[in-house]
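Read the single chain below, which is given as C-alpha cells and is the form predicted alone.
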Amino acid sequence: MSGPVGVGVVGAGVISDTYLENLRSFPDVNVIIVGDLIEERAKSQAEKHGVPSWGSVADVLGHADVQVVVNLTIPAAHIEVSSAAIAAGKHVWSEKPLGLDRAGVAQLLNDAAARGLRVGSAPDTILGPGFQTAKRAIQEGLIGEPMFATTTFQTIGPDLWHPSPQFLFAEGAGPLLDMGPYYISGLVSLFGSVDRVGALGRKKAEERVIQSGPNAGTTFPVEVPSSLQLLTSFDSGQQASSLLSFDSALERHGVFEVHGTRGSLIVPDPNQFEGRSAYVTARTSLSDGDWGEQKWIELEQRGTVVGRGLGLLDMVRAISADRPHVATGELGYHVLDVMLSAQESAASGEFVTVSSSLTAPVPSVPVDFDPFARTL
C-alpha cells in the first residue's frame, strides 16, 4: 500500500460516529464511502462526516477504490458482511465479536489467508496508550513474574438506559459477548493463549423491562446468562478470575488487576484507550494490626490518545510494512473461542478446554506510534 488507504464503512449506526470522526483524522486513511441497509442513514452519516459517497452495502463492496472494509454491522451479520468483503478482494476490519460461531470465523480467516488478505478485529482498546503503558511495565518486570489477574465489569444493565436493549440479552450477546471481548482480549494480550476455562452463569430474571425511550415498559425475554463468573488458565501458567454482570446494583467497571511475584499493578479500563496505571510493591514487614494504606506508585502514560479506528490504522500500516498487526483475526477468533467455551462450561458445570491458540504473542505498540503522521 502506498498513499492513503481507501476505506469503505458498512454500518451507519451509533458507533459509526466515533469511527468516522477518528478515521477521517488519520492521514494514512481515506474514507471513501459509507454504506448501510438503510441508505438514507448512510447518506446522513456521510454528509455529517464529510465522506464523499454513500449507498448500499453492495456499493461499498463494489467500489474500486476501497481497499479495506470496516464492518460495523450487528454481530449476527459480521460473518456475512466480512465474508462478502473478502470475496470482493478487500481487507476487513470488524467490530467485535468477529462472529458468533467458530466454524464461520474459521472459514472467514481461511478464505482471507487464501487470498492474501488481512482480517482485523475489535476491540482495539488494547492498542491505546493506557493499556500499552501497563503492558510495557509488566514486560519490563516491574511486578516480577505475573501470577494471576482479576477483572470485573458489573452494572445494573443496559435495559436501564438503552431504548432498544433486547439484542444485548439475546443469543450472541449478554455481558459475556458484549463486554467480555475487552477484558479477555486484554488478558490474552498480556498472557497469551487460554488453555481452559470454567464458568458459572445465572439470570436475575427470565424477562426484563425497557426502562427508557419510546418503548419504556415493554418486556422482553432474557436468552442468555446475565451474570457470569469465569476462571481462565493460560498456557504460560497464569490464571485469571473475571466477573461480567448486567445484574449488579453496585456499579463497578474497568477493574483489571495483575498480581506478580514482586508487586501488583492496576491496568486501565480495557474498554478505554487511556487511564490510570499504578502499582504497589510487596511488603517486607508488618506489625500486628498495622495494615495501614499501601503506597501506590503512578506510572506515566506514554503515547498518543485517539480512539476506535486505531486498530485499523495499525493494520493498514502493517500491510505496507509486511509485519503482523496487533488486533488480528486470529486474536479475535481465540477470544471468541474462549467466550463460547465459557458458555459451554456454564451450561455443563465442567471446565472446557479451549481448542484454538495463538501462533505468536500479541505485538506491542511502539511508544512513538503517531496516528497523525503520514507514513504511507
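Numbers follow the displayed sequence, beginning with 1. In this text, all values refer to a predicted model and were calculated from it rather than measured experimentally.
Although it is not shown, the form predicted in complex with a small molecule is what the next lines describe.
Partner contacts here mean any heavy atom within 4.5 Å of the small molecule in the model of the complex, and among 200-208, 251-259, 69-77, 143-151 they occur only in 69-77. Among heavy atoms of Trp161, some come within 4.5 Å of the small molecule in the model of the complex.
Although the partner is absent here, Phe220 sits far enough away that none of its heavy atoms falls within 4.5 Å of the small molecule in the model of the complex. In the model of the complex, the small molecule stays beyond 4.5 Å of every heavy atom belonging to Ala360.
In the model of the complex, none of the heavy atoms of Tyr279 sits within 4.5 Å of a heavy atom of the small molecule.
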